[in-house]
Every structure is written in structure tokens, then in C-alpha cells.
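Alright, here's a single protein chain in two forms, structure 1 and structure 2, each given by itself as C-alpha cells.
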Structure 1
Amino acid sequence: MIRGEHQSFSMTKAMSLGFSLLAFGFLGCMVGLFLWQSLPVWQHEGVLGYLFGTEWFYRADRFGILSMVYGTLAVSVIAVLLATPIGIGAALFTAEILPASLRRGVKLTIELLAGIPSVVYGLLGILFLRNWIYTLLEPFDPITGDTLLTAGILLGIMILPTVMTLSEDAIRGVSASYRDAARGLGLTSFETVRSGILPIAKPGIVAAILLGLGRALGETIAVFLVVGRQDNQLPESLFSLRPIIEPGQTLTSKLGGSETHLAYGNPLHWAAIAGLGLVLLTIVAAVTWLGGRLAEERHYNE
């Protein structure tokens, strides 16, 4: 086997290592870059002051990102709450009930639909969803249809294919012998799923949800178009849901906005923007890493 053999130096190997290093270099640079570029703001506001500060006024050199972290978490949680039940339900139906030929069709359709660009979702959000939300919220006196809720619902639709197709993989990954044994015991489909399939597929399904969450946290364009981009919106008390139906700002909608261009001339303002990138990267990397660990665990169980 070639993998086990002793290999001497060759041009091919050198090229392969060189290009790989280039790839690592680029991507390692990215983390380093955000860290380095954001240093001034960490010094200016303090780590806690930056992360938990409630005020972002760049003209007054006040940079606290709590309201954006709140916005990002709010839209992502709404998205996951929406996509998870529908996604898992559809995955169960596709994997356990539909005949093989239909299953393939559904699966391929969903995977193709996962490719619809986010700017197109954003467009549909602008043309339809925000008007529907406005009408729906009429009893609460909304200012506009551009709210955190609108962005969350749109994101929920966007991550639905991801959650569904990956959950379906996890469910189909459960060995057929469980189904045969359950059938032998005379269990109904529901009982088979509840007591045999779901417990085994659980890590894979959680991984699917986490990957959906990762995508929702980092999605920029669709959120940007319907979130309202209102700074410094925070709930008055921990359980107040009012800001959800008002315009808000997320980490990504701030990064995608005009301040990113504006900031470059002012080192502190630029640092605050780079800091947003660093915070976003950290959150998403943590969620993705956790999802990857769980997905890997599933492979070892098989």
C-alpha cells in the first residue's frame, strides 16, 4: 500500500505540501488578522465592555456589541425553532415512510433547493414576507415589517433544507436490523421510530440542527435586507419579547452595512468592525465544531 511506504522527496510531494501550506496560511491569516486588527477596540472598551456594552455610537467612540449579539441569537433561535420540527418531521416521513423511489426524488429536490442563493431569499423577504409580517403584527402597532422576527422566519426557511437532509442522513444511517427486529416484534412505525430509531439517530440529528444553526448565525445578505438594521435595540427585561417584533441589528447585518467601508479611516472604528468579525467567527466555529464532533460520533457508532 502506497500510504505505508517510505517516500522520498519528490517535486510532486513538495508541490502538494507547498499548496497545502498556502491554504493553511491564508486561513490561519484570517483568524490572526481579525485578532490583530481588533486589538485597539479591546484596549479601548475592555473585553467585557466591548462584549457586553449596550451602546454602539461610532461618532462618540462608544463600541458595545451586546445588542448585535442579541439580534444574532434572536434571529438564529427563531430560525432553529421553526426549521427543527418541520425538518425532522419531514426527514422522518422521507426516511421511514416514503418508498425508496420517492425518497430519492424528495431528497434530490431538497438538496437542489438548498442551493438557492441567499440574495434571492432576501428578495422574496422584501417583496412578500415583510408585508405579511406587517399585517400579522398589526394588533401590536408595528413600526415596519422589517423586524428580527421577519429575519428569523426567513432564515428558518433557508436552513430547512440543511436540517432536513442531514437529519434524513442520520435516520437512514441507523442499521436496517433495528427496523427488522422492531417489525418482528410487531411494533408500529411510530413505536419503531420512538424507541429504536430516534435514540440512535439523535447525535446525527443534533449535528444537523447545529449545522443549520451555524448557517443561520453567519447568514448575511438575506438578514441584512429584512432585519431593519436599527442599532442598540435590547429588551427591557430578560423576558420581554418586544424587540423581536421591532427592527434590530445582527453581527452580520452590521458587517454587511456601510459602516464597514466608513470605518477604515478610523483605526478604533475599524477595530470595532474587525472585532465583530472575530466574535462571529468564534461563535460559528464553536457551533460547527460541536456539530462536527457529534456527526463524527455517529460514524463511530455505525
Structure 2
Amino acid sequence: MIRGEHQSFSMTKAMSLGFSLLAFGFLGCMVGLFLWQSLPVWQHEGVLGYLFGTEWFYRADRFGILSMVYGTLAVSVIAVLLATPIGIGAALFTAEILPASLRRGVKLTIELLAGIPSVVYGLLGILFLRNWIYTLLEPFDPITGDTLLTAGILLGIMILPTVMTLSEDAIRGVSASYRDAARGLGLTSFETVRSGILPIAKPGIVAAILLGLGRALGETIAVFLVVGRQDNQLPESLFSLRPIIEPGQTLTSKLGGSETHLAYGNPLHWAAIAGLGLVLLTIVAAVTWLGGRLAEERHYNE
């Protein structure tokens, strides 16, 4: 019996290792392919010229992606700033206040929101959100309701289930002994959450935020439909917010647009597009890896 269990464990371990190596192999092939395909633009523009160039005019063979990196970071930061307080608040309410009979139903409902296709969110953004944003920004004389702000708010709604669900898991993962000890010391429910539960659940909550950020960084269709897709939109100064309320461009909206098809016949233009894929893959992989490490650290500490 013990020998059979040992063989089963060894087979499971071997299969897990094999599939893990296969996944890493695919990732390595993707990185290698993007790097090889993008070499001409790195040689043409230089690494700093490509990453920090402010102009993208493919007809003039000028490829600077800083405005797209700015747009990607802007919509992602807006999404995280919107989803974080609402998601953590909902997680605390679900984990600490709702009775057990209602908790599972509420959490299941919120998790179902994560399964809605992104194109549906994008269509809802076209139908409702961009009109509301245009009305809201009328005092600032907006060009349209398709803005970086619109894309950021829509992304915030999309990543909210991820932040809420994973934060709730982190909060529920705190041992009941901490709650009992806090009550024994005479702490109120609010003081128990603030001083006892949140500090312990913090790594898991931060991991939830980072994994939500990873999804926001990689989202394409919904952003494509409401961002406006205006190239070379950069703030005049570091603290200028004007580009936020104007049409912009992100790495994903550029990759999801028609220019990808136009670029295929021009080796340099195609290399610039492949470079966008490499930069996006690197950013998303780094954020996702960091979020995964924090989640592992929480489980290890438990």
C-alpha cells in the first residue's frame, strides 16, 4: 500500500514538473520570439530612444512608445485607485459582517462578474460610461467621452471582483485565535480588524491588488473600445492631468488596433509592434510574479 502511494506521488510530482517546464518553455519561446522580431527597432531607435521616445509616426519611421506606456500606467493606476478601497471594503464586509449563510452567495455573485467577457464590459462602456464621463467633464470642454479616465474607470470595475475575492480569502485566512484574543482584550470589532486582522492579511491583500493590476495592464478589448486611441498624448508637466481627460493610447489598444495588420508588410514597423508586445509581456509578468510571491509569503507565514 505504501509502495503504491509512493509511486502515485512520484508520478504526480513528475507530471507537475513536466507541465511546469512546458509552461516555462512556452514563456521562454514567447520572449525569444518577441525579442528576435523586435531587434530591428531596437537597433534603429536604440533602447532608450524606443522606450522613452515621445513620437510614434510609422510613416516617418519614428517609433517612441513613452505615450503608450504613460497611457497604460494611467488607466491602470486609475483602475487600482478605484477598485482597491471598494474591493477591500467589500471583502471586510463579506468576511467579518455577513452571516455565513449569505457570505457564500454574495462571494459567488461577485466572482461571476469576473467571468463576464471583456467585450461586454466594453460595450457597456460605450453605451453608458463614456456618455456619463462626457457629461461630467463638460466644464473642461472635452473632445469626447472616450478618454483615459473612461478606460481607467471601466478597468476598475473589471478588476474589482479579483481584488475583492482574493482580499476576502486573505482576511478569512487569518486564524480565529487572533479574533478571540482581540475580543479577550476588550477590543471592539473595528479595533480587531484594524489592529489584528488587516496587518496579518496585508501580504494577501497587496497580492490581490497586484494581481488585479496585472489584469488591468493586460486588458485589450474593453480599453480599445473606450480609450479614444489617440497617439502621442503626453502631459506637458509631470503633474498635469489634462491628458487623463482626453483620448489616449495604451500598449494593448495599439496592439489590438488595425495598425498591427498594416505593420506586417514593413519589417521596421512590425519590429516596433513586436517590441510593444515584449514590453507589455515584461511588465505584466513582473507584476504578476510579484503578486504571486506575496500570496505565497502569506501562505508560508500562516
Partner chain sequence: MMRHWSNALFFLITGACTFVGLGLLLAILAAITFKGLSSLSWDFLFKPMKEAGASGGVFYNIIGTVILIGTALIVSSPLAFALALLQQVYLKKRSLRRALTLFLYLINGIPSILFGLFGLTVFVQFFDWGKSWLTGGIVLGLMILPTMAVAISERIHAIPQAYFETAAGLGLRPAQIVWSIFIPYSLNGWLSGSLLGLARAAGETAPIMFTATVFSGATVPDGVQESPVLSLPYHIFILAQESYNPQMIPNLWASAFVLVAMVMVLSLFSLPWRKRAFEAKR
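Each residue is numbered by where it sits in the sequence of structure 1, with counting from 1. Nothing here was measured: the structure is a model prediction, and the numbers come from that model. Under this definition, the rigid core comprises the largest set of C-alpha atoms superposing within 1.5 Å between the forms.
Decide which single structure shows the form predicted together with the partner chain, answering 1 or 2.
Form predicted together with the partner chain: structure 1.
Tell me, please, whether between the two structures the C-alpha of residue 28 is shifted by 2 Å or more, with the rigid core used for superposition.
It does, since the residue 28 C-alpha is displaced 2 Å or more between the two structures after the core fit.
Core-aligned, what does the C-alpha of residue 17 shift between the two structures, expressed in angstrom?
Here residue 17 registers a C-alpha shift of 8.4 Å.
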